[in-house]
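Below you will find one chain, with nothing else, as C-alpha cells; this is the form predicted on its own, and questions on how it binds or moves follow later.
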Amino acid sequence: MIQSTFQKIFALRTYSNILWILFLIIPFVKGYCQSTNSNNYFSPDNRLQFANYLYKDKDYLRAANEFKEYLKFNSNDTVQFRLSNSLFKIGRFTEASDNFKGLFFGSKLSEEARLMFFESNFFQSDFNSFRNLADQDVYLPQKYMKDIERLKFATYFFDNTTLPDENILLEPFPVSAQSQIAKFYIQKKFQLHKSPATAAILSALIPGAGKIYTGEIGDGITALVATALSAYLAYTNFKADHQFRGWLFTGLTAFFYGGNIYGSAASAQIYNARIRFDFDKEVKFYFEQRNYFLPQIDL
C-alpha cells in the first residue's frame, strides 16, 4: 500500500513537471513559428518589399521579376505600373506598352499609364505607326494631350517623312525651345545634299572635279594628276612607238578615269550620309537632354 502511494505521488510530480515544461516551451515554439513565417522570403509581402527596394535602386530587371511574382497573388495598380515602368526602363518597350494597357480602365493611374503607353510606342522607333496611333485619338490621355502632340511632331525629325507646316509643328513646344526647333526644321527641309549623279558627271568631264564638289579637294586633285599623268605617259609611249608601254598606260588611264567617276558618286553618298548622321545625332541629343519635353512619371 505504501508502495502504491509512492507511485501515485511520483506520477503526480512527473505530470506536474511535464505541465511546467510545456508551459515554458509553448511561448518559445509560438515565437519560433511566427519568426519562421516572417522570414519566409518568398511570401508575397516580402517579395514586394524586395521589389520596391530594387526599383528604388534602379535594378529594374530584377525588380520586374519580383513584381511579376507578387502580382500572381495580389492585384495592385501601383505595382502593375512599376512593373510596366521597369520593363520600359530596360528597353522592353513592346512588353511595357502591353502592361500599361492593363491600367487604362478603372484605375486611378489611367492617365499616367496612357502617357507611358505612348512613350513605349514612341521608343519602338516605328514613327509612322506612332503618328497613326496618336491621330486615332483612342487611348489619348486627356491630362497629357499636349505631351503626346509634342512627341508626334518630334517624330518628323527622326524619319524621312515630309515635314508638316512649320507653325503647326512648333506650336506645341515651349516658346523657349521654338527657336532651336525651328533651326532643326530648316536644316532638315533644306539639307545641302550632294547629288551622286552630278558628282559622277563632273568627274567624267574633268577627272577629280566630282570629288572637289563633295568637299574632298585633296582626293580630287590626286585623281586629276594621276589620270592626266597616266594619259600623258600613254600618249608619249605610243608616239615613241612603244606599243606595250603605250597600252599599259592606256589601261591605267582607263582604270583611273573609271574609278574616279565611281569614287565621286560614292563620295557624294558618303557626304549625304554624314550630313544626315550629324543632324540625327544633334537632334537626338537635344531632345534627350530635355526628356523629349515629357513630364517625369515615377510612382
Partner chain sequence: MKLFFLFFFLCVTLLLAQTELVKWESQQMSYELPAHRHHDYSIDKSSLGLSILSVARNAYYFFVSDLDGDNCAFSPTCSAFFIQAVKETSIIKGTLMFADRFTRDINFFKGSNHYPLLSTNKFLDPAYNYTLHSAKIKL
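Numbering follows the first chain given and starts at 1. Bear in mind the structure is a predicted one, so any value in this text is a computation, not a measurement.
Separately, the form predicted together with its partner chain exists; it is not shown, and the next lines address it.
Contact check at 4.5 Å (heavy atoms) against its partner chain in the predicted bound form: none of Ala228, Tyr232 and Ala240 pass.
Residue-level contacts in the predicted bound form: of Glu112, Asp219, Glu119, Asp147, one residue has a heavy atom within 4.5 Å of its partner chain, and it is Asp219. Mapping the unseen interface onto this chain, Phe255 counts among the residues with a heavy atom inside 4.5 Å of its partner chain in the predicted bound form. Although the partner is absent here, Leu61 is a contact residue: one of its heavy atoms lies within 4.5 angstroms of its partner chain in the predicted bound form.
In the predicted bound form, its partner chain sits within 4.5 Å of a heavy atom of Tyr262.
By the criterion of a heavy atom within 4.5 Å, Gln269 is counted among the residues contacting its partner chain in the predicted bound form.
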